[in-house]
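This document opens with one chain alone, in structure tokens, the form predicted on its own.
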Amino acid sequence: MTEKANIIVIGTGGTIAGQGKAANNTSAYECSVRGIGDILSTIPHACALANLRTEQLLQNGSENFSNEHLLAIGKRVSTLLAQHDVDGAVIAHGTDTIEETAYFLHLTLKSSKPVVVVGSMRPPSAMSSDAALNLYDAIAVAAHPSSVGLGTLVFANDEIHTARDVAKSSSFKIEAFRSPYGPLGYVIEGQPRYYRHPSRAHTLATPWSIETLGPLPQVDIVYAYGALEPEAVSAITARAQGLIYAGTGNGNVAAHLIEPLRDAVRRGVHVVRASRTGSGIVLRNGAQPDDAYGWLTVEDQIPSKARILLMLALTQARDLQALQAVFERY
């Protein structure tokens, strides 16, 4: 008989730790009130998958998570993965910013052990809640040898996603998570099945280590819309070291906003053109003369993840060419 893996299940709050007043409360409920041990106790058959132990690291909705929370989660997970009696980790997390935390871990953890971030769209108290099955399947993924070396994964609704690609795409539906290139695989009857692997560098192949990271540079996002005023862009860039400009279409910039963004570059702010559409590649020197303006382009990453990547990149580089290479590599 194969020896079971030792998996640490970490609670941070979120809908998966929520409680509604009635079984039909699928969107109106109290968030982050149940501990991870309590939640896991309702899934006794999960113990057949792995040797489990729990830790309550945080107890908060993920919409509240700051850079300091990202660092705290990353450093604690790194410490746990370094222990010889831990084979992998599952992090129960709010779905609002699950892709940001997961991508941060994907880029900064220095371990090949599986890390699976999981949440739910409905609290455990709701009818047809996805909480128990998501957590059970996330443990199955973390405990399976085929998950080793894939970086941080996000599990939702039967699907295994790479942290690089996945994003929340619905405010309430169970099938809320999507990856533009599809999931890596599925879990069926507690068994992970993989059909592709991440192709972009992660974990052991990145230059950033959670163990040495300190306070992260200030990077903000501005969302383009028809009536966006130059003064708003200038105000946002006044305190930032980097700015993700979530432009319309192919990262398009309205004519009256070009000068405020160029002025931000002159003041030392690194401006990255991204798209508010949610998918697709922003072509460098396509919609705008990026080389002439000193702007960067995001390649295919969504604005929220581009912010994570630029924060990390700015801890080591300021050269425009080096920063652009980061977006094309990761």
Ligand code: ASP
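Residue indices: 1-based, along the sequence shown. No experiment lies behind these values; they were computed from the predicted model shown.
Another form, the form predicted together with aspartic acid (ASP), is not on view; read the next lines as being about it.
Using a 4.5 angstroms heavy atom cutoff to aspartic acid (ASP) in the model of the complex, all of Gly14, Cys31 and Lys168 count as contacting. At least one heavy atom of Glu63 is located within 4.5 Å of aspartic acid (ASP) in the model of the complex.
Aspartic acid (ASP) in the model of the complex comes within 4.5 Å of a heavy atom belonging to Asp96. Although the partner is absent here, Asn134 lies well away from aspartic acid (ASP) in the model of the complex, with no heavy atom inside 4.5 Å. Not displayed here, aspartic acid (ASP) is approached by Ser120 to within 4.5 Å at the level of heavy atoms in the model of the complex. Contact with aspartic acid (ASP) in the model of the complex, defined as any heavy atom within 4.5 Å, is confined among 294-302, 261-269, 54-62, 40-48 to 54-62.
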